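Given next, in structure tokens, is a single chain: the form predicted on its own.
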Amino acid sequence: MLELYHNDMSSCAQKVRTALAEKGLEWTGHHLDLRAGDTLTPDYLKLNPNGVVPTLIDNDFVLIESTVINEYIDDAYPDHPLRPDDPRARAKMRLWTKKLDEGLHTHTATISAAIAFRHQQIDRPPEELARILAAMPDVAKRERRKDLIENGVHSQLFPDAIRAWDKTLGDMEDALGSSTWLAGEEFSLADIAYSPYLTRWEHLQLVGLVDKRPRLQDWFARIRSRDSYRIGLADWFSDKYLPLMEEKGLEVWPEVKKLL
């Protein structure tokens, strides 16, 4: 039996739910409230010492890290493969997912927190916020979160994050000029991996990052037409987040535009 510890709007959880949907796999879910600190409880930290989602359990085998989870799903449940047969295309797929794990995901967290999610924290009583931050096991991540809550888009972390994603979206536009999908002619884990991030920019009203890139727009439209996008992402969109993301994204877009 597959069990998934996840969150409705977490980009990493969205990646795994989409892969499970593409495979047609059933799973039992445990939804965690990130703002309430559900991932920082002692019991959950025993499963996932990083204090993040997702965590997958497959018959007592516990696995963390969304990229690793999705490759495991494709290995353990080989029907409807999500990796290209061609070694070169498979290598391209891994390069795309590696980029996310080596900085782009952190940049996404920076942008999301600086624009919108800080507003879910700044009104907390100081002692409660201090308790939540202190429970974060990664000291560097804790300091980044504190900075972003206090400074928002004026954090020194924000400009590099925006520019890194603008460059990556340009790279995606270029790659899609010579193939249907990011890694080649086959839909793959690379396409699954990036779909939550394009969704995040849409929710944050950062459409200027995408609207100058027609091939990327077409790719994203094809992603959204798949049943797995509805099952893995759209069915989980939360009204707890979307109005805040839209409002604050529209407010800061002029500043973002200047950075670009």
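A residue's number is simply how far along the shown sequence it sits, counting from 1. These numbers come from a predicted model, not from an experiment.
We do not show the form predicted in complex with a small molecule, though everything after this point is about it.
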item: Listed range touching the small molecule, judged in the predicted complex by heavy atoms within 4.5 Å, from 77-85, 140-148, 172-180, 159-167; value: 140-148
item: Contact assignment for the small molecule in the predicted complex, among L56, A193, V52, L206, heavy atom within 4.5 Å; value: V52
item: Proximity of H105 to the small molecule in the predicted complex, heavy atoms at 4.5 Å; value: yes
item: Contact label in the predicted complex: I223 to the small molecule, heavy atom within 4.5 Å; value: no
item: Contact of R35 with the small molecule in the predicted complex (heavy atom, 4.5 Å); value: yes
item: Contact flag, C12 vs the small molecule in the predicted complex, heavy atom cut 4.5 Å; value: yes
